[in-house]
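For reference, the chain that follows is the form predicted alone, supplied as structure tokens.
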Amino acid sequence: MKRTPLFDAHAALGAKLVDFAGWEMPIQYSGVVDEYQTVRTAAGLFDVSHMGRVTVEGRDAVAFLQRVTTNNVETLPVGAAQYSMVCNPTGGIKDDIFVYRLGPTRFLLCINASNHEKIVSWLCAKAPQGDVRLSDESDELAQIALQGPESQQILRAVCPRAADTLKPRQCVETEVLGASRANRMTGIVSRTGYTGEVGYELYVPSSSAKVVWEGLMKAGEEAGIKPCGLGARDLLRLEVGYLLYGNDIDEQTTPLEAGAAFAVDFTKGEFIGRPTLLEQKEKGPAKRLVGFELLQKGVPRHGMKIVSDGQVIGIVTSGNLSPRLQKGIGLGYVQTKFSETGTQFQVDIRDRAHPAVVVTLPFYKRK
């Protein structure tokens, strides 16, 4: 298995390590629920260096990204980030990504670990003969996520410029840990994350990842910062209805079916998958991803059947027990006629039908 530059730090902190998309990653430290509560009330620190990072630059970079992604890159100002998707010709989702515009013709793409090789190969195959330069920076850059209500205060200690200026979905190339000349380095800091809380993601040289990690941990001691693993990250993202590739989306689902039409801009012109997606928009998708809550005690899980009047109408893609709501919550695809808020159906949990109701996402929203 592959390891991130922070593997030794995780081992020293007693993390429980698991195989995730071919990476030996921490699933938890103090416990999933404890880490979840820390992010919701204070701040948690995540190593997400297993994600892929690709730079795209050159005179034709904008035109290239307009063709291979679903959102409108031209509307993205320098210093901003947007959620987007890479689709196949039939509109299926190859990956959901974040696009950061670092300069007029320079971009950073953050892609899922499980799709790293697939997307890099796809981008290289689709790159035109013009001035577009692709570079896989995944080994050179580490990625650390600082999330929670105390994250701005903590970040200010190591990167005051970003802490004091960044608004949601903005990014900046700036000095990190600049107070010490020995530690001085330039990184990319963005106000993004996967938890629904105020948060930041730091892209720093892999050789400096441990210094940044330890600097953030030290800066957050009084605020109660804790290292967090993938278990808490999955629970946090589910509560805010964020999609997980391989569970909620894949190449057999489209952005419109997944409730991500906001990441598709049909007005920008042609892009890969547009004809099929446009047809689906006009006719309406046959299935939709919904959020649901159980009406009695139980925990829905990926792969469970969703039924109505004894007939299977869909399948659960993500599910868990929400610590905040103290009830089972989940995401799942159902036939479109069952997707309206308030619709009731049942989730088959170990051959027992548990009543559930479709709710408006997110399940949890930061005040």
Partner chain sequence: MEPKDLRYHQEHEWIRVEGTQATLGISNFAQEALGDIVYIEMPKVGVTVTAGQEIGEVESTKTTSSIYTPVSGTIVKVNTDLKDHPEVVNADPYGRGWIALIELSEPAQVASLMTAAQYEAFLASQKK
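Residue numbers count along the first chain shown, from 1. Just so it is clear, the model here is predicted, and its values are computed rather than measured.
Although not depicted, the form predicted in complex with the partner chain is the subject of the following passage.
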Would you mind picking out the stretch of 267-275, 251-259, 78-86, 290-298 that comes within 4.5 angstroms of the partner chain in the predicted bound form, counting non-hydrogen atoms? 290-298
Counting any non-hydrogen atom inside 4.5 Å, which residue from L102, A209, L235, A219 sits next to the partner chain in the predicted bound form? L235
The partner chain in the predicted bound form has a heavy atom of only one listed residue within 4.5 Å, and of A42, V62, V48, I27 that residue is I27
Quick one: is L321 in contact with the partner chain in the predicted bound form, heavy atoms, 4.5 Å cut-off? yes
Please run the contact check for I315 against the partner chain in the predicted bound form: heavy atoms, 4.5 angstroms, yes or no? no
Partner proximity in the predicted bound form: G303 to the partner chain, non-hydrogen atom cutoff 4.5 Å: no
Consider V54 of the chain shown here, and say whether it contacts the partner chain in the predicted bound form, taking contact as heavy atoms within 4.5 Å. no
Across 13-38, which residues bring a heavy atom to within 4.5 Å of the partner chain in the predicted bound form? K16, I27, Q28, G31, V32, V33, D34
